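Only one chain comes next, encoded as structure tokens, the form predicted alone.
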Amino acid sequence: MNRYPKHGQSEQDNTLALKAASRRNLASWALSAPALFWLIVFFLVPYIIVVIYSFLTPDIYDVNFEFSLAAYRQALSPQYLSTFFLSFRLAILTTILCLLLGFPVAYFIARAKDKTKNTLLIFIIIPFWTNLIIRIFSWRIFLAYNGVLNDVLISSGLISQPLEIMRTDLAVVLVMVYVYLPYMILPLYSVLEKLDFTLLHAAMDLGANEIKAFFRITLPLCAEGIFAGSLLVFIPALGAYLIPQLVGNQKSLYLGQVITYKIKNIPRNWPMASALSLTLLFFVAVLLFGLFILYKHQKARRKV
């Protein structure tokens, strides 16, 4: 009996394997084609238009197809850099507060019993069932000069006259944290739920107290959840428009508002709005790349 395949048979097997691989590749492309089409038409093409518009000159209602870098020079001027600073400050503050408030909540839900866990998760998700504008207007009623909060504080004797919270930066931060807090809790919960809590008991048996065990074990093992939750909060908070517009003031204009005004108000300045958007995209990309490099470096150090 010949134990070795014939040369022709080996070539035939290779041909069949290549055809099978080709069919799998075609099936993969066919399955991913709708998503690729969607991304190209509704994501890539609009971005290309934004890039082109950023190098044109503005007209009263539209643009003149004349190449210019004026929009980028203006976007990097001190006037607009202060707007970038305000937007980054708001996004960083919102992310930090969401992390400080969301981590204990996610930790408690992860340690709770299954029945209690499911109930608490439903309470976290319930706000998504209500329109965002309705939720923001509810905060306007709650924080108004003659609103519910001031009525309660005056009735309890804590204040003698109503507080002016609406149309302040404090109101913007409060509503931002309320809206984006679930985006921090859910990624943290998904990581904490898989955490082996016996590691904490082992650390304390070896002499570590609860605080040291938290910073040496729990926090490093939750790094991916913290990173994911921070991204989900930071990026949308950076370009937020509705919340600053509805509860903020005109003295502190954030980037989302400025971009909207450049498009909405007459004379319209499409190149300026495009340049601001792309400049923000560049800053965020640089920041995320730096954080990614730092994360990879820390991960490599932990392996060593």
Partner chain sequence: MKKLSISRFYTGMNLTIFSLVMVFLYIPIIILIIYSFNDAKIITGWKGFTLKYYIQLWDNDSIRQAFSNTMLIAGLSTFISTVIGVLTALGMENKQFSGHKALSALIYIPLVIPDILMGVSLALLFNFTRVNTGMITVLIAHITFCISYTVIVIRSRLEGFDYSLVEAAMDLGAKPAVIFWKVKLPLMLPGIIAAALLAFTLSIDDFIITFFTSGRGFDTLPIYVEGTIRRGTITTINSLSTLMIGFTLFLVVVTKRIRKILISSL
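Numbering follows the first chain given and starts at 1. By rigid core we mean the largest C-alpha set that fits within 1.5 Å across both forms. Bear in mind that the values here come from a model prediction, so they are computed numbers and not experimental data.
What comes next is about the form predicted in complex with its partner chain, which is not displayed.
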{"query": "Site check Ser32, Leu120 and Ile141: each within 4.5 Å of its partner chain in the model of the complex by heavy atom", "finding": "yes"}
{"query": "In the model of the complex, Pro162 touching its partner chain (heavy atom, 4.5 Å)", "finding": "no"}
{"query": "Ser68: touches its partner chain in the model of the complex, heavy atom cutoff 4.5 angstroms", "finding": "no"}
{"query": "Its partner chain contact in the model of the complex: Lys296, any heavy atom under 4.5 Å", "finding": "no"}
{"query": "Proximity of Lys19 to its partner chain in the model of the complex, heavy atoms at 4.5 Å", "finding": "no"}
{"query": "Residue among Leu132, Leu76, Leu199, Ile96 with a heavy atom within 4.5 Å of its partner chain in the model of the complex", "finding": "Leu132"}
{"query": "Among the candidates Leu158, Ile126, Leu219, Leu81, the residue which, in the model of the complex, approaches its partner chain to within 4.5 Å (heavy atoms)", "finding": "Ile126"}
{"query": "Candidate stretches 85-93, 106-114, 221-229, 68-76, one within 4.5 Å of its partner chain in the model of the complex by heavy atom", "finding": "106-114"}
{"query": "Heavy atom contacts to its partner chain in the model of the complex at 4.5 Å, residues of 266-295 in sequence order", "finding": "Trp270, Ser274, Ser277, Leu280, Leu281, Val284, Leu288"}
{"query": "Core-superposed C-alpha of Lys296 shifting 2 Å or more between this form and the one not shown", "finding": "yes"}
